[in-house]
Structures are given as C-alpha cells and as structure tokens.
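The chain below stands alone, shown as structure tokens; this is the form predicted alone.
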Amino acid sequence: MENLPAMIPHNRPLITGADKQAVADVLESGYIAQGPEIAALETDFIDIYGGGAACAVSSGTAALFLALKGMKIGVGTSVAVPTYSCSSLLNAVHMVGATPLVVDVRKDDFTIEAVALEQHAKVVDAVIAVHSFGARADIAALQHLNIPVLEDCCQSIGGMFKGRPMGSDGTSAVFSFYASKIVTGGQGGMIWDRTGAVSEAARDYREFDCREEYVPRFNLQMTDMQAAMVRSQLRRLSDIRARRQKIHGIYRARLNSSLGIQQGLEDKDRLPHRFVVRFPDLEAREAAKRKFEVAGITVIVPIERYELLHRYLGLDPDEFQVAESLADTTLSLPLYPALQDSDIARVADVLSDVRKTILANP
C-alpha cells in the first residue's frame, strides 16, 4: 500500500522546550492559580506598549466583556461590530447589556468599514475594531467619527504600525491567547489601555472574592501556568513574526492577479495570522478546497456564511454584501511556525496548481 504523506492540519501550536520548562517551573513552585506569573505577564505588556496598564483574564471573550465594562458600556448603549468576525463580539456586547450595531467590512482587508458606520455615528457609544487576521483596521477613520474605539488585537499581537504596537491608538485593546492564536497559553486574554482606567476597572471585577463590599462579579481569572507559557512565547515573538512573514511571502509568490488575497498583510511590520485567498465564486472556492484536501492539506472557510454576525441576528443579508461575498469565496491556508519547510512547499505547490487549473479554466 502506498505511503501517503501525513495530513497537514490548518492549525498547530509550536510548543518548545522552553515553553514546557516555563510551565514545569510553575508546577514545581506550587503556585498554579493566579499569582506572580500573571503579574509578570501584565508587566510584559506594559513594557511592550511603553506604559499604561494591563489586566490578564481567562479568555479573549472575557477581555472584550471587561474592556467594554471599563469603557462604561452597558444597558442603553450601542456598540458597532464588524459582521465578518467572531461571535465573541456579540457575546461580549450582550453580556454588558448593550445593543450591537452590525456593520459590513471592506473588501480589500476585511476590516470594519468606517464609511458604512458614519450614518450611525450619533447613536453609537463604542466600536470594536477587529484587526482581521492581522490586517489593521482604519482606527483614524473610526476616531474621526468621535466614537471610542476598542481595538481587537486577538489576531494581530506582534503587529506594528508606524513604529508602535498595534492596539496603541484606541481607548483600549484586547488580546487572546487561545490555542490557534499567534501567541498561546491554551486559553487566556489581556486588556491594555494607556490611561489605566479600563484595565483597573477590569481588575476590580476580576478580583471576585474576599471583598469588603459585595458587587456581583464572576471568576474570569487566568492561571500562572497559562501566563508562564504565554510569557515564554512572547520572548520569541520576533522569531514568530519572521517565520509567519516568510510563509506568507512564499504563498504570495505563487499567486498572480487571477487569485485574490487579503490585503493589509504585505507590510513588513504586520504579523500575519491567516493566509486567506479569495476566489471568483463559490464553485471555484469549493474546487480549490477539494484539491487541497486530496493533497492532504486541511484548509478552512475562515468564516462560514451562517457565522456572519448579521445572520445570527436575522438581519437582511443584502445590507452586508461584502461579508456575504467573503463567506462564499475565501479559503484559509495553513500558516503557523510549526509548519516544516516540506509542509510549506506542499501547500505552495497545490496553490500553484489551483492557480493554473481552476482559475485558468473557470
């Protein structure tokens, strides 16, 4: 029987010996809940951002929820969110008691469309700007509407803009350390803000027990084991950036104008989270997907049509034409440091074949 090559998964975390040792050291210390590693991780973020304050929490969703609370978003307020994004945004908005206003995205970089939000600016109290797959949302355009901006950096940690870390420009920024993210602890999240008001409000909520005065809170604490692993990975963030950029460049070199690619990631300061290819139509996308699968390469539709936030809320799809098109025409290819050079070559070869066959014969 012919030996087939091993399946290449779409995501796989790179866990190094240093990561394992960092977690082992915490286990050896016996201090495995929230403790000194959490405090050190918060200090790491303050150092990365050159000041401000930070608060580590249990997940990226928890970070969104607590950041909104810290920004005084609650019942009777409205929060704009991009429809082409994770349902965690809706969850966080609803958990603080606010009302989501769903907005379409830009067709080039898949980030929230400020122009579409302009007509609603007077009734919106905050906007969550997702740096989609590492591409930077136009924060300046959103701030021009005089709306407080919460930067969602869950897919963009390590990315830079004008010499500063992405997340520096909004009212606050949130991060995720989930297993498929750029830096991972399995789970976990972070809130950072320049003034400290948002992070300190989040910290007050996070410290749920043994308080002199009772206010309803929930346990959203991260553990020292997770924090130690995240800190270990942060130490090699420059290597992670270089590896992801290299893979992104190899794939990009196999394409031409017949195949679309998400824009906003070609800049040397960006840190790509995904390599998303856009096809002319659903039929071409599905044909390409089959080619990758036959070759033993797992590719995914980054956001399925049913996952679009406007569809979850039962809104008219015709009002969100860009997101609807993206859901039908995009594929995400494996892009992570744990890929071997031979894996990268396999993906690139199939990508070339897709370009020559499917797109040459639509």
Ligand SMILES: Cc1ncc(COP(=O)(O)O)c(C=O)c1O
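Residues carry their position along the shown sequence, with the first being 1. In this text, all values refer to a predicted model and were calculated from it rather than measured experimentally.
Just so you know, the form predicted together with the ligand exists too; it's not on screen, but the next bit is about it.
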Stretch in contact in the predicted complex with the ligand, which is absent here, among 264-272, 149-157, 216-224, 103-111 (heavy atoms within 4.5 Å): 149-157
So, residue 176 and the ligand: in the predicted complex, are they within 4.5 Å at any heavy atom pair? yes
Quick one: does residue 233 come within 4.5 Å of the ligand in the predicted complex, counting heavy atoms only? no
Even though the ligand is not shown here, does residue 167 get within 4.5 Å of it in the predicted complex, heavy atoms only? no
With heavy atoms only and a cut-off of 4.5 Å, decide whether residue 134 touches the ligand in the predicted complex. no
Of the options 332, 59, 298, 329, which one has a non-hydrogen atom that comes within 4.5 Å of the ligand in the predicted complex? 59
So which of 288, 130, 247, 79 gets a non-hydrogen atom within 4.5 Å of the ligand in the predicted complex? 130
Looking at the ligand in the predicted complex, which residues in 69-89 have at least one heavy atom within 4.5 Å of it? 86, 88, 89
